[in-house]
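The chain below stands alone, shown as structure tokens; this is the form predicted alone.
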Amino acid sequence: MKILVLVKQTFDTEARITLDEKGQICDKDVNRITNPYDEFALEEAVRIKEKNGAEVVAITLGTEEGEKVLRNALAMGADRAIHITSNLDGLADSRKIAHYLSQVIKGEEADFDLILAGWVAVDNNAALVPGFISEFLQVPLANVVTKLQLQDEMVECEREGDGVSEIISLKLPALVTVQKGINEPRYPTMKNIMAAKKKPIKIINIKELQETEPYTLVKKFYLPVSKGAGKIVVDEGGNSVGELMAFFTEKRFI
């Protein structure tokens, strides 16, 4: 069995986001980490490997810093990795990213059985790339899964709804995105971190792949407008309700 895991490099969730003079997101001195939801996917892949036997391949698309994310994946238990290198210019479009990832999967890893990924990336919260990949590769997709089990040529997936659980079965090969709660990702040991340095990472320059046009373009970034001070109405003489109504009317809240 071969399991592919999609991992993304994202800003540290505690990073302070700023914009440069051109209105672009400034990534100077910002620490990049593995997208937390992708770590759940990695952990699940390694657990399947430990239980049933499998080859686990981590794949990322991004800058040179992506090697850090892949080394973390290898330290968690992936066997090897593929790094599609890009400066990320013009790659805000989820379909375009999925196009490049799908090309590599078709060419390098065409005999995969299962693709795992986090259901969303914490930077843009788009949650679109897995869906596009499912369409490009023509494989079934299950999203936001909290439990999965392999059964012969099928993968049984459980996901939570409003007070209910839904169980669906997909025929392999398939793509599954996972949600928090499916497992608790392990911390790599020093031994595994050192061993990860010797595991292979294949580098593929994005310029070697077939180009495609984006479907969406980011026109502008801006930081949220800071909220002004709240208005305090003191109840003096029983006129507070009238003051509140006048304030709501003036601000067009009602």
Partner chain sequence: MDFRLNETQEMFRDMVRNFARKEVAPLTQELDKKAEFPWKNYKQAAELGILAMTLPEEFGGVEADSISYALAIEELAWASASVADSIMLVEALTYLLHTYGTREQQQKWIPPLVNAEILGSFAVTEPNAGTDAASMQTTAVLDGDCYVLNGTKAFINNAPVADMAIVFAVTDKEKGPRGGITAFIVEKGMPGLSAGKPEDLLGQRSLIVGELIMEDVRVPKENVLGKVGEGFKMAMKCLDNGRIAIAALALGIAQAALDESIKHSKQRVQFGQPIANFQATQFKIANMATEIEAARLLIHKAAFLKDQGVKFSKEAAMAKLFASDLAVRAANEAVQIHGGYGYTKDYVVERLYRDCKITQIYEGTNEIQRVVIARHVYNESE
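Bear in mind the structure is a predicted one, so any value in this text is a computation, not a measurement. Residue numbers count along the first chain shown, from 1.
This protein has a second form, the form predicted together with its partner chain, left out of what is shown; the following refers to that one.
Partner contact region in the model of the complex: 184-192, out of 45-53, 203-211, 22-30, 184-192, criterion any non-hydrogen atom within 4.5 Å of its partner chain. With the partner removed from view, the residue among A98, I105, A75, V176 that has a non-hydrogen atom within 4.5 Å of its partner chain in the model of the complex turns out to be A75. Its partner chain in the model of the complex is not approached by K147, whose heavy atoms all lie more than 4.5 angstroms from it. For K68, a non-hydrogen atom is located within 4.5 Å of its partner chain in the model of the complex, even though that partner is not displayed.
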